[in-house]
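Each of the two blocks below gives one form of the same protein chain as structure tokens; they are labelled structure 1 and structure 2.
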Structure 1
């Protein structure tokens, strides 16, 4: 081999190494970025909690006896304790990165156990618990103690007071349970609509159709659809599917079904093309053997060809699930951006990726929480991939 030839070979090989490592580095950077920003907020509460905090307004009668509990020894330096009211508060940051004051301890003889629910007279089980956030304590005669000024300030004001008008406390909001459930609903409904239509169209195009002008036109139209930006599908969803669902379902505005229908249209080309590819690789011998044994064309397609193409179809399904989870532009129009906790398929809500969008358009944007959700999306996609791999593996074993 001549030297020149060697040099050229090495150069070409070097280019492949270089391109592969650039791709790997970029992907690695994205994952590192998401992990670095998002891992701190990742916990089970985030996934199971509601997005909207639940607020309570506590009132209090004349306090006759104050707490006598000394500062408990297990409290750290960050806890500010009021002996008078028997409560310890601590500064923390909530999921939006905003200052909050959290109850870290409440003694058994605390006068705060005497508060009543101002919004519901019949609520007997009303009380402040460890882990609640205190957003403000309001007085008749002086300015309120607000969480934005910190726990120390709040305890100081409490120590100076014998009575308050109202204490406002809440659960920790900012959870993504609602968006997660919406995402799962959307995946289910979209696949239920798009998979049958997509797979049967692909079978028609690849197995049953004749090579003529009309079928060629259908093919090229499907190909064109792949290149249309998803926001245009979103506009179509808003213009066609939202009024349609409002007319024929109990929905009154954009809803999960209109969103799923929109996504189903986006997915059709993906599913059709991937299914067709997997049908194409099924050897023609299968078909001929089946036909030779006396099966007709339809029987051959559904009994002999389709089972062999199943792993490919499953791959198409994963691809489309990934697309459903990742899609945001179309859904902003087709189901809206309202983050909800009570999910119904006829109501508005958001998927995880639109939730990221709405976090990023806030002022200031919440990059940490957005990264955490991105991380969760990565994990879901990974799990789905593994599940489908497992299924197709089992299936292939059965076939063999």
Structure 2
């Protein structure tokens, strides 16, 4: 081999290594950025809590006996405790970075268990719990103790008082339970619509169709659809699927069904192309052997070819799930941007990716919570990948 040829080969090899390294560094940087900014907020409460806090107004009759419970040893210096009322408060920041006063402890004999719901007289289970946020405590004869002045001030005012007119508290809120459920709904409904249509279309194009101009045109249209920006699909969803679902379902506006139909259209080219490629790699010997044994074309396709292409179809499914979770532009039009806690398939809602979009459009943008949701999305996609690879491995093992 000449020296010139060696130099060219080394140059090409160097460009290959350099490009692969750049791609790996970029991916690693994204993961580090998301992990660094989002890991601090990651906890089970974020996943299980509602996004919107529920507010309560508690009243109390005249208190004649106070708890006088000594400060528990497990409380830290950040907890301000009232022996009189048996409650500890702490200053903290909510998931949007705003100051709040949170109940860090409440003793079993606290007089605050005697409060009643001023908005609902029959609510017997009404009480303040650990983790609730105290917004204000209003008195008859003095100024209200507000959370903006901090937990220490609120405890000090409480210790000076034997009675209050009203205590306003709320649940923590800021959770992503609704967005997570919406994402799972969207994944299930979209796959139920897109997978059968996409897989059978690919079978038709690769196994049953003839090579003519019509089928070539269909393939060209599928390839063209792959490159269409998703925002255009969103406009189609708004113009076609939203009115359609409003007319034939209980929906009154953009909804999960219209969002799933829009995503199904987006996914069809991906599923068809990936399934067709997996069918192409099945050796023709399989088909010839099946036909030689007396099977017809349909039996050969569904009993000999399709099972061998299953790993490729599972890969297409994974690609589809990743696209569903990551899609936001189309869904902004098709299901709306309202973050909801009560999810119905005929109502507006947000997926995790749209929730990120919503957080990043706020002023200021909540990068920490957006990164946490992105981290959850990465974990979901990783788990789904592992599950599908495990299923594929077990299936190939059984097939062998």
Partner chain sequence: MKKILLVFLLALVLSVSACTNDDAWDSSKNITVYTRDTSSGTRAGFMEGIDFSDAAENDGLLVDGFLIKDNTGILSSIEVDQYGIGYISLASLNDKVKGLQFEGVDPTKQNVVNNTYGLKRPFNYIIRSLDDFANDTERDITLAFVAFLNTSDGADIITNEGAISLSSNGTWDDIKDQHPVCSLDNSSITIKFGGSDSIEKIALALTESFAPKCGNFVPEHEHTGSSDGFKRTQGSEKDGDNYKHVGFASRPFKDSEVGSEGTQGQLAWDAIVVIVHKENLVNNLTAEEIKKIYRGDFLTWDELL
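The term rigid core refers to the most C-alpha atoms you can superpose between the two forms while keeping them within 1.5 Å. Positions refer to the first chain, counted from 1. Given the structure is predicted, the values throughout are model-derived calculations rather than measurements.
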Go through 1 and 2 and tell me the one that is the form predicted in complex with the partner chain. 1
Taking the rigid core as the superposition reference, indicate whether the CA of residue 342 shifts 2 angstroms or more between structure 1 and structure 2. no
Is it true that residue 76 shifts between structure 1 and structure 2 by 2 Å or more at the Cα, once the core is aligned? yes
When you overlay the rigid core, is the Cα of residue 48 off by 2 Å or more between structure 1 and structure 2? no
Taking the rigid core as the frame, how far in Å does the Cα of residue 144 move between structure 1 and structure 2? 4.2
